[in-house]
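Taking the form predicted alone, here's one chain by itself in structure tokens.
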């Protein structure tokens, strides 16, 4: 079975999707792992960074995105086919990376989340489509070494589907006050959920992203995050820090054909840091 990791933060704009995509690329290319990216975020950013927009739209219109999975739960039907929905060998690196696959999201997830919430018991988790994703992927997950789940900025029913198959979760944060405020609610809610479904979901750690080392606030918040780990209030803070970088933002453009990760993320700078982050990630998930 694969190692399954969700990336979560209740605040948007913290680099969650960027880190999901970077880890997926470096695991697949530099470490030769088979990787599945599951895009649970209705914003679909991870999806359109891995496949062209017209391809995504065609798949969405024909029921080959996660919208169909959750629509089935509301309507009581079984039309979603995971084998058809998974897009193989995605990315703009080398025309597609062997072993890097995607289960795409849909903007339509936004309009169905309220209906899913209405049929879900968030106290005991005994009622509602908590395990829809797990059931649909049961025969496909063993194919992969790693599954990375890009979660929406909430802890609703869609995110819980990702956590229900996760071994661990990462919390990307920008080292500012608003990003850090969301950490305790995540820790509490995931612990409650894990206990209720009797699954060990480990807080793998906090990854600092979009760091501006020239600002007093970012340096102070980074110091405080590390102190909170030492005092056992927060999980481990990864040693590798991902800086704010226009090159990382530009790497999201799937329409630009490139051949290497160095070209995608820039030799030196972001490439080196993201490569180091992936190595550190591997040391922690295997403990």
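Just so it is clear, the model here is predicted, and its values are computed rather than measured. Numbering follows the first chain given and starts at 1.
Although not depicted, the form predicted together with a small molecule is the subject of the following passage.
- When contacts are defined as a non-hydrogen atom within 4.5 Å, all of 11, 45 and 245 contact the small molecule in the predicted bound form.
- The partner is absent here, but in the predicted bound form a heavy atom of 153, alone among 94, 156, 98, 153, sits within 4.5 Å of the small molecule.
- Of the stretches 246-254, 28-36, 51-59, 220-228, only 246-254 has residues with a heavy atom within 4.5 Å of the small molecule in the predicted bound form.
- None of the heavy atoms of residue 264 is located within 4.5 Å of the small molecule in the predicted bound form.
- In the predicted bound form, at least one heavy atom of residue 17 sits within 4.5 Å of the small molecule.
- Heavy atoms of residue 146 never reach within 4.5 Å of the small molecule in the predicted bound form, leaving it off the interface.
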